[in-house]
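The form predicted on its own is given below as one chain in structure tokens.
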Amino acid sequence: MSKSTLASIIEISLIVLAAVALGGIWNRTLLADAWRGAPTSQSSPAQAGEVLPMPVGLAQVKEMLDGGQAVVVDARSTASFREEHIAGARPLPLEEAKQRTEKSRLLDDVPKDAVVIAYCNGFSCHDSTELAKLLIAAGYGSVYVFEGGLPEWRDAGYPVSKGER
């Protein structure tokens, strides 16, 4: 075995050992919990039988909104809605929806068979998914999530509004 081959093997071994050590340090809490048999603090997967909202893309949201085929709901805070929102959207902040004791009245004037699209601040925002789950639990049958949210809508040059409506 040549010196360069031996040096390469040692270098690769050191890189693998460093990766294992860093991975162990990074996940030390998770590994310690697993060792003790404790439940993890990570979010749980969807429960069996739970209905999850389907994602919908920018083009479909635009088409359904333009055709009057869907109600678009903004899951962000009221202040964020007033600052800017998709033109024609309705405000329904997630925190407000969670506090309503009568879930069936989340969208008073929207029939349960209407198509509802929830959005928030883009792919990193999960409020729209949580709001969509509440709407499904309240009896709305066709609920979708626009994952690109306001940033994707605005970047596409589609109309936005300010204020209450």
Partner chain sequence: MNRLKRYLPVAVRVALGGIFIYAALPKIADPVSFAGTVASYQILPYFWSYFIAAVLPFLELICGVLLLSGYRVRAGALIVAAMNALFMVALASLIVRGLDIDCGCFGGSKTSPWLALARDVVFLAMAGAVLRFEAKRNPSPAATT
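For clarity, a rigid core is taken as the largest C-alpha set superposing within 1.5 Å between two forms. Everything quoted here is computed from the prediction, not taken from an experiment. Positions refer to the first chain, counted from 1.
Keep in mind that the form predicted together with its partner chain is not shown, yet the notes after this line are about it.
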Check your understanding: Do heavy atoms from each of S4, S8 and I15 fall within 4.5 Å of its partner chain in the predicted bound form?
Key -> yes
Review point. For the chain shown here without its partner, which stretch in 111-119, 52-60, 66-74, 135-143 has non-hydrogen atoms within 4.5 angstroms of its partner chain in the predicted bound form?
Key: 52-60
**Study point:** 4.5 Å heavy atom contact, S124 and its partner chain in the predicted bound form
**Key:** yes
Check your understanding: Hey, in the predicted bound form, is L107 touching its partner chain, heavy atoms inside 4.5 Å?
Key -> no
Review point. Though only this chain appears here, would N27 touch its partner chain in the predicted bound form if you measure heavy atom gaps against 4.5 Å?
Key: yes
Review point. Should G157 be classed as touching its partner chain in the predicted bound form when contacts are defined as heavy atoms within 4.5 Å?
Key: no
Point to revise | Large Cα shift (2 Å or above) at C125 between this form and the one not shown, core-fitted | key: no
Exercise for review: For L30, decide whether the Cα shift between this form and the one not shown is 2 Å or greater, given a superposition on the rigid core.
Suggested key: yes
Review point. Do you see a C-alpha shift of 2 Å or more at A156 between this form and the one not shown, with the core held fixed?
Key: no
